[in-house]
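We begin with a single chain expressed as structure tokens, specifically the form predicted on its own.
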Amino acid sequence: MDLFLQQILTGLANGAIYACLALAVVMIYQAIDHFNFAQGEMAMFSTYICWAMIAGGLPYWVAFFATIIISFVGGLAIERIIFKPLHSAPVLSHVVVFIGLVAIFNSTAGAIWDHTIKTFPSPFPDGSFAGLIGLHEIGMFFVTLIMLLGIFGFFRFTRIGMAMQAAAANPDSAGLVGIRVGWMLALGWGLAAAIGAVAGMMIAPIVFLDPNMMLGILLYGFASAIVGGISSPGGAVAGGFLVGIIENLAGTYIPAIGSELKLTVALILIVTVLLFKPNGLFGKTIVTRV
């Protein structure tokens, strides 16, 4: 029983990180109808920025919030400088740009901070709670949960948040009522980059810091978005927690999977959901009239 409870709690903690990346992925998808394959590399680069500030003497939480601001500005700039001119470009053009961003962020991080694995500090004390889950995992869960609740409140109760939702859902109608659609989409990019930065900074003490640290985590984020529903931000968050729990339980109780093949669980979930419920568990069916 203790083992089962331990895997559930750890799955919730990991799922909070997957939920963050899934939400960031969904926000970009709703803005441009494409997956942001560079989301993990953007989060990794932000995590390196935080590490550099901490190494330079800044307190952890000062560097943490400074990194969020820097990431927000960086995401907004990427949309304004790179993707705004590509608004009407073919799908292949977007894919090529995303691949280019992956290579740029990865190689630049390696060139600045080298490719050696580094330890990233945790703001939470060592130890565990009742021997079931580490204190960092508990702190990681609550930090990401607070952020997710804050984002929900932002979209639900603020004029800018509601304008961003309207711009993503129906740009033409939003523009007719005076919403500056282009800037709303840019703010979405900035917010997605900031969310990814939080995910990177929270998971780095567990997976350690190197330019490839987010590759597997991003796959879990994609799986979470697809399981929950690529058209539903709330569904993507729920999908993150589901994926976290399922991959932990599968790795523990299915001997053929173990800890080495947990990524396989994410791939199986993606294929299964696409086969039987293409819109995700909480996604909306989009009907187009012709």
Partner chain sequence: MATDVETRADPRLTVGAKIPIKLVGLFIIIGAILPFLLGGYANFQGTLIMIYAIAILGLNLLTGFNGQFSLGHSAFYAVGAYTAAILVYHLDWPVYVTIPVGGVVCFIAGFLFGLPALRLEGLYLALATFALGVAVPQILKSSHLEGLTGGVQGLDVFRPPVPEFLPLTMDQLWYYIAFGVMLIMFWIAWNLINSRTGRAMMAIRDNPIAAKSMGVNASLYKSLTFGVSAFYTGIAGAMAAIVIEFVAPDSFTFQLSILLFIGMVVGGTNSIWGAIFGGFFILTVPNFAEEISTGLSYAIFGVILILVIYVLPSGVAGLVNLLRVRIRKLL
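Since this is a predicted model, take the numbers as computed values, not measurements. In this text, the rigid core denotes the largest set of C-alpha atoms whose superposition between the two forms falls within 1.5 Å. Positions refer to the first chain, counted from 1.
The discussion below concerns the form predicted together with its partner chain, not included here.
Heavy atoms within 4.5 Å of its partner chain in the predicted bound form are found in one stretch of 135-143, 102-110, 120-128, 192-200, which is 102-110. In the predicted bound form, none of the heavy atoms of V62 sits within 4.5 Å of a heavy atom of its partner chain. The closest non-hydrogen atom of I270 lies within 4.5 Å of its partner chain in the predicted bound form. Among heavy atoms of V207, none comes within 4.5 Å of its partner chain in the predicted bound form. In the predicted bound form, none of the heavy atoms of G150 sits within 4.5 Å of a heavy atom of its partner chain. L263 is the sole member of L249, A66, L58, L263 with a non-hydrogen atom lying within 4.5 angstroms of its partner chain in the predicted bound form.
The partner is not shown here, but in the predicted bound form the stretch 25-43 reaches within 4.5 angstroms of its partner chain through a heavy atom at Y29, H34, F35, F37.
Comparing the forms between the shown form and the other one, the C-alpha position of P90 differs by 2 angstroms or more, with the core used for superposition. Superposition of the core reveals a Cα shift of 2 Å or more for Y29 between the shown form and the other one. After superposition on the rigid core, displacement of the C-alpha of M44 between the shown form and the other one stays below 2 Å.
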